[in-house]
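Next comes just one chain, in structure tokens: the form predicted on its own.
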């Protein structure tokens, strides 16, 4: 199944956060707060949203930082995705 976002929506897949302690112990991502970094999986067409012309500034494959409580989480084929508005994306990680 494929997600195709509408309007100014963007589909993100959260990056897995692992932390390594000074002694080399790896702490898996599930044991702490979720990261706010994700990879862009799909981008909507933009267009006119609420009477304003919206141009999409992100593209598939980019890594981004998004607002902490943004979007809607959906699970498809045992994969978890987050659908957010482009306004909820704070930065592109280069």
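Residue numbers count along the first chain shown, from 1. Values in this document were obtained by computation on a predicted structure and should not be read as measured data.
Omitted from view is the form predicted in complex with another copy of the chain, to which the following refers.
Residue contact with another copy of the chain in the model of the complex: residue 16 places no heavy atom within 4.5 Å of it. Residue 65 belongs to the set of residues with a heavy atom inside 4.5 Å of another copy of the chain in the model of the complex.
With a 4.5 Å cutoff on heavy atoms, residue 58 counts as touching another copy of the chain in the model of the complex. Contact between residue 70 and another copy of the chain in the model of the complex is not found at the 4.5 Å heavy atom cutoff.
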